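Next comes just one chain, in structure tokens: the form predicted alone.
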Amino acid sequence: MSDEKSNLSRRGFLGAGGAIMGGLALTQLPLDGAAPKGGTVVDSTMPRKWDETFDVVIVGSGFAGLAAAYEAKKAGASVVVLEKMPTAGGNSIINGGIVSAAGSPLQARMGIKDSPELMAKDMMVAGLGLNHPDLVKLISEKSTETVLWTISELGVKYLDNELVQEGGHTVKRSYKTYNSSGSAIVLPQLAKLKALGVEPRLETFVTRIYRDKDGRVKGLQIREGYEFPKADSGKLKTIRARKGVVLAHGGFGQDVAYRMIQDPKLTAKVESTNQPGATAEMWREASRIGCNIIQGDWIQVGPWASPDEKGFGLAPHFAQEAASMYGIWLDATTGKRFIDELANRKIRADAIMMLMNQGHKCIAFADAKAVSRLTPGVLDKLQKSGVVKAYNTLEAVADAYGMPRAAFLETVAKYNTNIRNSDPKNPKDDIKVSTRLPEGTVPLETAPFYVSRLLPKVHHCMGGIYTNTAAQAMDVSTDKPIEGLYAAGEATGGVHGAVRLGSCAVIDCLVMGRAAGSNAAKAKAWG
């Protein structure tokens, strides 16, 4: 972000009133504080000329941006996708590759009863009611249709007979890509767009959103040839958006300064699973032009990450899909379980951080049967990198992590007794009570035994631009849609509330990205 734009950030659009910065004529807000007819207008200075013109201009090349581009292009619009980083895909391409679908054909084949209403309830419970119900309802209702669309239209490949049950979900409902990565969705999206003549413009950084005095967003100023994170690199150009701009720029998990404004606890000492470009320039710019940014301080910390690898890595697959669903998590200092392993992410991350603050360390534990559920090849990679270690006996596990042997053996024995004494089709455990245990849960008694260390990392921004169900960005001063501006994915807020359930972000991005692109393409052009 340029120094000029930094000066126009968050406090500028309401607090500074008619301030003049950088030679630009700024806010049109009247002195009595009433919003102008078109809504909040901070910068009415339009370019004297436009370097390029497209119907729909999309910012961001993750799940949401690419879904928007695909639908807009199929609807006949001219489309450009802008990406500030040197590669496409954002956080989506390193995502874990699981996506929720309620009432899906795969659930039916596996005998799992589910519905959009149950999925919406799970999301609302985890979100502490901060979720906007109309958005949750739409995404839940469109979930199965959209996953089937990824299969039939994009050619995405999922595992045929495996569903994942992330923490907080009542049942198994998440499709799992063949390679346990979001790349299995992003790469087909990119291929389909390329066939339609649309390829993301890389190293293209948006420096300004042009919102005219009539309230409409009409285009962008960009730096072409931008070199992340050099704010002044690249050449300034302007792009006119005849029908709409779609903001799908993602979250700010790597922007320590901005995230500490929202949540001061998340200092530079807290690592992030995000790619380096997950920074807040567009969040500040969206605020400046009058978007209503909601729930920005609800920042999810993923409980299943590991201190033994950088970023998201592969540890979450082991910790969640093996040790959480079919194994247990332990406080290594006491040798005892400390949490419901299938509780939502916030509950688990908070519990780990509380123990860490007391000097304790936590581990995820599974046996040979549990890890057999992992995508082929994942365990080998985790062992080669040293993130997951194998042991032939329970005693060896206790010794390796400094756990009191007697306490650890008693913990495992108690869990095994719970599972052994319950109905195999409806297994029970006295700690995993937040949801129904997956059918197929068995006692932890088959060597070798596997362990990863746990370290919560900043993962997902639940807040963002407030939108309606048509993916239109809403004006902070009028509560009405900003004409010509749409938003989708992690850039938006209101879907997940206080806690995002695993695999619900992908379906959120795809459903709302498609809506944003389709609706932008149908909008009336200006000029």
Partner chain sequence: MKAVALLLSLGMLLPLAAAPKRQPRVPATQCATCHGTEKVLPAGHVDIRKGKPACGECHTGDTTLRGKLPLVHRHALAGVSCEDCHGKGKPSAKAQPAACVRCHEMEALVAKTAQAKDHNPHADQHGYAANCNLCHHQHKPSKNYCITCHSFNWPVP
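Because the structure is predicted, anything quoted here is derived from the model rather than measured. Positions refer to the first chain, counted from 1.
The same protein also exists as the form predicted together with its partner chain; that form is not shown, yet it is the one meant from here on.
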query = Among Arg201, Lys381, Lys369, Lys336, which has any heavy atom within 4.5 Å of its partner chain in the model of the complex?
reply = Lys381
inquiry  = Looking at Asn179, Thr238, Thr446, Ser233 here, can you tell me which has any non-hydrogen atom within 4.5 angstroms of its partner chain in the model of the complex?
reply    = Asn179
task = Counting only non-hydrogen atoms, choose the one of 361-369, 79-87, 388-396, 326-334 that falls within 4.5 Å of its partner chain in the model of the complex.
result = 79-87
query = Does at least one non-hydrogen atom of Glu227 fall within 4.5 angstroms of its partner chain in the model of the complex?
reply = yes
task = Using the partner position in the model of the complex, report whether Pro404 sits within 4.5 Å of its partner chain, counting heavy atoms only.
result = no
Interface membership of Lys265, its partner chain in the model of the complex, 4.5 Å heavy atom rule = no
message = Would you classify Gly311 as touching its partner chain in the model of the complex, given a 4.5 Å non-hydrogen atom cut-off?
response = yes
